[in-house]
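Before any questions on how it binds or moves, here is one chain, the form predicted on its own, in structure tokens.
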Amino acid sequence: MNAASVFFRVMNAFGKPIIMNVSDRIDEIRVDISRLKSEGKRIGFVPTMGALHSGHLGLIELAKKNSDIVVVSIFVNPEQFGPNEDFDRYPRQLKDDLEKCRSAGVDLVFTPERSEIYDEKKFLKIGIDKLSDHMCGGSRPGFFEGVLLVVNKLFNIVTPDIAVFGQKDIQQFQIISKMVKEFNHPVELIMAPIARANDGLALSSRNAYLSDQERKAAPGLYRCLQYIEKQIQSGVDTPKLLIEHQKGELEAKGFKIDYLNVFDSKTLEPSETLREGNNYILAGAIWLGKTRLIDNILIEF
């Protein structure tokens, strides 16, 4: 009896699986999902790169509230790492991740190897026009192309009804939303709010890289965003000088600025003048030592 058979035969009194099925093969996960869909189950999907923390668990909880079955993928996608980025040292802790998924009530976990997702030679790519010119895309060329490539594949494999992503990666969410619309994926996207530590730091798998001293300083980015937000809500509609002053404050505290600005929520381009009735993204990315941190606040002006 294979794992898929066990999954479908071991049920509780309410018809829900009482064990979590884990597969590293596309054909197996497709069989599981096909059978569940034939039973009328609504599939929720949370794609991750592992190193799960309470922020990911929040995504899973939101998926549970909006679906019958929750699928989580754990795959460190090489296509979204540049040649000098942290692919090799990105935290991998599959055993712990699976235990967290099990405790959170996940039904299926997809843990493919690189060779299962990508052919040795790829002939096709996904291009992005303008939406990745600024914010994280401006300093990480090819990053979002790699994100779209793997998310497009995962949507085709898992065929979810809903998929949950976090607001912390707001540019990613906006670009994936465009892909869903333009590629006609029949999936509803849900954006979960940013999960934060008690001191305001946005939770991230990369926070594990921070030294004790850097961890104490790290919430400074969020406090900076909060200050700028307060000034905008008080009537500042041309925040350029305000932002430049805050950059100087951060740099004086040891932060290296990647970007800090207000961006139009639709075009993802910098906005020098804010107009009433529009929505904006106040976002920043900084370096503390060798660790890159991002954060954002959504603004209705």
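These figures come from a predicted structure and were not determined experimentally. Numbering starts at 1 and runs along the sequence shown.
Another form exists, predicted in complex with ligand AMP; not displayed. Remarks below refer to it.
For a residue to qualify, one of its non-hydrogen atoms must sit within 4.5 Å of ligand AMP in the predicted bound form; all three of 90, 172 and 202 qualify.
When ligand AMP is considered in the predicted bound form, only one residue from 222, 155, 144, 165 comes within 4.5 Å through any heavy atom, namely 165.
With the partner removed from view, the residue among 240, 53, 64, 30 that has a non-hydrogen atom within 4.5 Å of ligand AMP in the predicted bound form turns out to be 53. Using a 4.5 angstroms limit between non-hydrogen atoms, residue 82 is distant from ligand AMP in the predicted bound form.
Contact check for residue 186: no non-hydrogen atom falls within 4.5 Å of ligand AMP in the predicted bound form. Although the partner is absent from this view, residue 49 contacts ligand AMP in the predicted bound form, with a non-hydrogen atom inside 4.5 angstroms.
Contact between residue 195 and ligand AMP in the predicted bound form is found at the 4.5 Å heavy atom cutoff. Judged by heavy atoms within 4.5 Å of ligand AMP in the predicted bound form, the contact stretch among the candidates 40 to 48, 251 to 259, 231 to 239, 264 to 272 is 40 to 48.
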